[in-house]
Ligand SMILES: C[S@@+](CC[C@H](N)C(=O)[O-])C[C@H]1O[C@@H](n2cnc3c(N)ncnc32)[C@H](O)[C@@H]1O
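In the block that follows, a single chain appears as structure tokens, in the form predicted alone.
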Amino acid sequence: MSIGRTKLNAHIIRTKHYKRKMHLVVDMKIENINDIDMKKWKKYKEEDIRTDSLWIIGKRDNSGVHSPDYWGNFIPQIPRQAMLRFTKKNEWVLDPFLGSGTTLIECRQLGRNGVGVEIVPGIAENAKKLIEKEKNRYGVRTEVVVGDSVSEKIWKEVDNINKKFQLIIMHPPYWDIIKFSRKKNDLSNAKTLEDFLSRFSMVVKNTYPLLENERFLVLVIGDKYEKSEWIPLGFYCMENVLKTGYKLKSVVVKNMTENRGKRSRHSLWRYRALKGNFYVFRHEYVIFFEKTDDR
């Protein structure tokens, strides 16, 4: 064998070894933030752990104590997917816009600890009662904090519960589409788009230090119409998160099939769309960000 061929073979062997080593590093990084067994990755079905950017979900999950009664809550499959991909059992999840408690119910089902902040005391109390009805077979903690996520004060209380979180899930109001309360500081009562985005940005900034480095923020948001104009609320919110220092990882488009405002009124909304030269909302965004440094 020639010296040239010997060197070439040695280079190929080193390259293969390097690729195998890099593959193991990638696998270790993935496995380090979830319980997915990458050696058996083929056993996970797409509907169980999603990896594409289009989520067609036909029916809301009503397992356990999940309920669709609260107008504006998101489907449990969203926080479930986020937790399965980006957390391990017994890690901590934070939800600054708790609402009816969907995220913390999923925390109990999946064995994650969770803290949820809700600005409306009555809604927070109802959420707490509902969450406590969910079986806690893993013995995790789920804490409901009443307060305004825009204010820095409430985060001292959260900090006393837990110092660092491995996942943040945000499902803020889609501005003023649904009025959740009469409270002035409620994001759904923001007078202008600029005011809404300013308050939302404060929540992102307040929670940024609480998220561990190289972990994920998940934003669930939709757009809206105002005065015959499409307001790209999702993209505006995404831009504000990026300004805080997060890195954009993925943008998922999810179908909206059970929107209460349009349920059983398909013909009417189709007529309005044809007459008004617009398209009926059938989607929302699930946007994934990664924190890449501790500032």
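Since the model is a prediction, treat every value here as computed from it, not as a measurement. Numbering starts at 1 and runs along the sequence shown.
Below, we turn to the form predicted together with the ligand, even though it does not appear here.
Here the marked residues Val204, Leu233 and Phe288 all miss the ligand in the predicted complex; none has a heavy atom within 4.5 angstroms. Looking at Ser100, you'd find a heavy atom of it within 4.5 angstroms of the ligand in the predicted complex.
With a 4.5 Å cutoff on heavy atoms, Glu134 does not count as touching the ligand in the predicted complex; it lies far away. Residue contact with the ligand in the predicted complex: Ser149 places a heavy atom within 4.5 Å of it. Of the heavy atoms in His171, some are within 4.5 Å of the ligand in the predicted complex.
In plain terms, the part of the chain that comes close to the ligand in the predicted complex, with a heavy atom within 4.5 Å, is 180 to 188 out of 81 to 89, 180 to 188, 136 to 144, 157 to 165. Between the ligand and the residues Leu197, Leu210, Ile123, Leu110, the one pair within 4.5 Å by heavy atoms in the predicted complex involves Ile123.
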